[in-house]
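Laid out below as structure tokens are two forms of one and the same protein chain, each shown alone and named structure 1 and structure 2.
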Structure 1
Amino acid sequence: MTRAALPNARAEAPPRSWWRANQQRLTPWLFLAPGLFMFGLYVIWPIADSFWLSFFDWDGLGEKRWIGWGNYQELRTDPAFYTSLKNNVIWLALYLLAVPAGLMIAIFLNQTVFGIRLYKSLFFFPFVISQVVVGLMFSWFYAPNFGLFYQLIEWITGRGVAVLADPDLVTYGIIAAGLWPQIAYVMILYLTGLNNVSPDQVEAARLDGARGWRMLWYVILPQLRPATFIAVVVTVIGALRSFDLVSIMTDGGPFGSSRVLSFYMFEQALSEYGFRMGYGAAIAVVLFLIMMVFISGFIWKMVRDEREGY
């Protein structure tokens, strides 16, 4: 149709309407418009509004008061903010353990024995249950006096450890709970990846005498690159937006030592004792900027890979 239309337009020459002249350039934008509108309304505008709000002192009800960089200056000296930031870093570092752990389980399960489908589904099970349930299960697991973990430690050492009451251990306890479903998720990503590993290459490598670690490192892993990339992305983002487990298991306690940035933002802006919208927005902005570093990195890598034709 385009082929027919173009010579025609050229033949009729001068009186071309503006629409006709620009049709080619405008059409993609017209098709994009609904999406762009939604994206602007639900993504761009709220982000801009959060930035704007972070310069105010506002309780959500009364008058907004402009305080410029006041919220950010307060953040700079707020010990609770640094605790949250530190915990976010710990989350990020330890959560990434889900990637190698998921890979190990995936390789272990990637064999053909009777009932393997059942085992695979059992290993995948933790990811299916809701995070809230995971949090509840682990808080009972750790619970002082009757928790399985508590009693196990008591049995071994003679003195129980209440993980969620200990300011030094609590974050690790929560991350352990978070790793459980995350490992299952990464495992499933790798299992699908392993399906696409080319048997010819494995065969060829075997003929050349590659075995064990060398086989994994030089033959299997390079073929799993797309799966690794996705696993790292979802894990990093999962670590940064960790909220539900903290909220369910400790509510940020004891005395705020298990807070992460997203939870601290919720606490300041929306919880029972909070309603400091501006301060919450300032925390959100900081979290956004941290996430932006990673997200830009991922996007940059994706664009580069596309250009190189992976």
Structure 2
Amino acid sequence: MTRAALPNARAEAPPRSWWRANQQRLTPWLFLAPGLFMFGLYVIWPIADSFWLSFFDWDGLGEKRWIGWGNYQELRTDPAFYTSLKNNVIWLALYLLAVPAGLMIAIFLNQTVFGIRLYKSLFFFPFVISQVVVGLMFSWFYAPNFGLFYQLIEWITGRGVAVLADPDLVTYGIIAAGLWPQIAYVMILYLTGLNNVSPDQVEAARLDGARGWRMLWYVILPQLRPATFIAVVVTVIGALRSFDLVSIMTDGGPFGSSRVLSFYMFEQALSEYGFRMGYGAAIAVVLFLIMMVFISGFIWKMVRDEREGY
């Protein structure tokens, strides 16, 4: 028998199918596909459609009429838009106080002392309340004649202050109402982050003599970066989309002085004052761009710090 006739000991393996050759690379995308589809359908597409709709004059039912940059040019001369924009800036500046306040409360509650569970429950309570309920509670709190805040100011100064009826104070009164549950939410984020702080690093810092603010700044806060990132992002988004409290407590009044961009967008697009879908979409685009500037800037800083090893 010749060597050519001998059976081939090393038989060639059958060619792999296309799926087997690409299975490891494609499987993660198959798991992500449903989420990506829903994200594209309910987030990306509405954003793109809002940009497109902002170039039309449309009442929501009739025929769309192309007007190009007309809605944006009208925004430049709209005093109500500038009032709303100014109030949103105030919201953003003061709402960020929730981040350090939530951190301080979380550090206070991150202890093992008698009754700490009760304290945690009391501080957590505002987070589980609906924003509508929060708005109603603070409306009664500020109410003239019988509101607790009104009576307290009247007792101290001899004259009460109707916060929600004063154009100069109304925005600050609503922000105070919004900060109450927002601080509770940030506190929860930081409590979760504090549970993941390395005790070895804390002990090593104590041996090196770190105490108080030095311990917080150089040891605790660097390990809380993920919690801080989420806290800042959700607080910025909450400040810029502050609609429900304004609607419940003042409905944009008095005299439109408490409007914010999200409420003005609703007022122009869907309320009895407007049905101007294109103009409302233009306001939504401006609000979206402002939100993206703040969030993108913070993301860029976080990525830069991570690359530099801080």
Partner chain sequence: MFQTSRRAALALTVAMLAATSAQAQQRVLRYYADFDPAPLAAFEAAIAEFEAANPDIDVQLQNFDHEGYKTAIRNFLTADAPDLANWYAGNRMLPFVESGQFMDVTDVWEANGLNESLASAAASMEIDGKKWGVPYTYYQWGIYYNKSVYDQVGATVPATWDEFVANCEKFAAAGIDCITTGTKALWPGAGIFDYLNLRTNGYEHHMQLTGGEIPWTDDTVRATFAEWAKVQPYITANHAAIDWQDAAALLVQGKAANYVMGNFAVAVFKEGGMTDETLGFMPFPTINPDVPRAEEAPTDTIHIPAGATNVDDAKKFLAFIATADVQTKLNEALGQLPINKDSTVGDDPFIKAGFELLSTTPGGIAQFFDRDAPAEMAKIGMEGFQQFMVQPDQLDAILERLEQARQRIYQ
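Small disclaimer: the values here were computed from a predicted structure and weren't measured. Structure 1's sequence is the ruler for residue numbers, which start at 1. Heads up, when I say rigid core I mean the largest set of C-alphas that superpose within 1.5 Å between the two forms.
Please identify the form predicted alone: structure 1 or structure 2? It is the second structure that is the form predicted alone.
Superposing on the rigid core, is the CA of residue 254 displaced by 2 Å or more between the two structures? No: residue 254 shifts by under 2 Å between the two structures.
Residue 63: how big is its Cα shift between the two structures, in Å, with the core superposed? Spelling it out: core superposed, C-alpha of residue 63 shifted, distance 2.9 Å.
Can you read me the CA shift for residue 29 between the two structures, rigid core superposed, in Å? That residue's C-alpha is offset by 6.0 Å.
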